[in-house]
Ligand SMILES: C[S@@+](CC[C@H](N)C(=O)[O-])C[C@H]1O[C@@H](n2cnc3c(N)ncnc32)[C@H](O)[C@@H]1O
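Presented as structure tokens, the chain that follows is alone, the form predicted alone.
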Amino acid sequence: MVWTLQAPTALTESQFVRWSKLLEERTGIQLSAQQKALLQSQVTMRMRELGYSDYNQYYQLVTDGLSGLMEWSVLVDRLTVKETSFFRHRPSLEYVRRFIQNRINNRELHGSFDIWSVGCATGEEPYSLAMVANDCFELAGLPPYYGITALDISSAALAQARTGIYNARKLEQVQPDEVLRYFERTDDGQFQVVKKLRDRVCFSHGNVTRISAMPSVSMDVIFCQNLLVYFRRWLRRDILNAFAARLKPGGVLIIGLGESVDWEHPGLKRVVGSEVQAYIRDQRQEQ
């Protein structure tokens, strides 16, 4: 690896447009003009590591064949990985808890209970969902017949998520009894999610903007928060429609508050309430 002390100049407007277009074409993420500094800082950091000082030369690298795709995977990790934490929006997770408890109480569990965490980043969200689901099954005295599929575009984030190891700061929103039941201290003072939860979460690499190419597996819960805001309005609509098609009858879709305020679907009914943005699929509707 070649290092250089020469700092790249600031991105020109035309270069920003060029890089933004590439990011949107490959990930669906739309950058606003206010995010120019973010793009520049991440691209510049990677260029310095490789010894580049010219944005156009580095652009040629990331768009050149197989080697370009490999370099792009490194860069996209830096541009897309979001800061997250366990139980980031507890009201939404508590809604999932009530949803599962009602299914159990009404004897409506038919086969595996399946959850999809979309845009899972480094794993805090799907592991939070696993804690909630495990609580419900254990409270009811049932075998833990549930599974969580966690999807993200960042291979590096997924690799970290699979370890299930986090520092104490990530656990600030986790209640003390949840920490005792679902984490173990590591030798270096960090916290690892217990194996019985790690075994229930399958981390998968994928791009939600290409959801039509993914296997059409029906889900009881689709959980997607703080992701849709990065996409154009028409793309949000297409993704939400694809989510709706992948819900089991009676299943629920939960997105971040205000992420798509005007979306409607003939097969789904929005849940009344101000703390969560959730949609229930008609029990009678076939896939």
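Everything numeric here is computed off the predicted structure, so don't read it as measured data. One rule holds for the numbers: they count along the sequence shown, beginning at 1.
One more form of this protein exists, namely the form predicted in complex with this ligand; it is left out here, but the text below deals with it.
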Exercise. From the list 133, 193, 153, 115, which entry has a heavy atom within 4.5 Å of this ligand in the predicted complex?
Worked result: 153
Problem set entry | Any non-hydrogen atom of residue 188 within 4.5 angstroms of this ligand in the predicted complex | no
Exercise. Should residue 119 be counted as a contact of this ligand in the predicted complex, where contact means heavy atoms within 4.5 Å?
Worked result: yes
Exercise. Quick one: is residue 55 in contact with this ligand in the predicted complex, heavy atoms, 4.5 Å cut-off?
Worked result: no
Exercise. Is residue 244 a contact residue for this ligand in the predicted complex, using a 4.5 Å heavy atom cut-off?
Worked result: no
Exercise. For the chain seen here without its partner, which of 96-104, 136-144, 205-213, 160-168 has a heavy atom within 4.5 Å of this ligand in the predicted complex?
Worked result: 205-213
Exercise. From first to last in sequence, which residues of 213-230 have any non-hydrogen atom within 4.5 angstroms of this ligand in the predicted complex?
Worked result: 225, 226, 227, 230
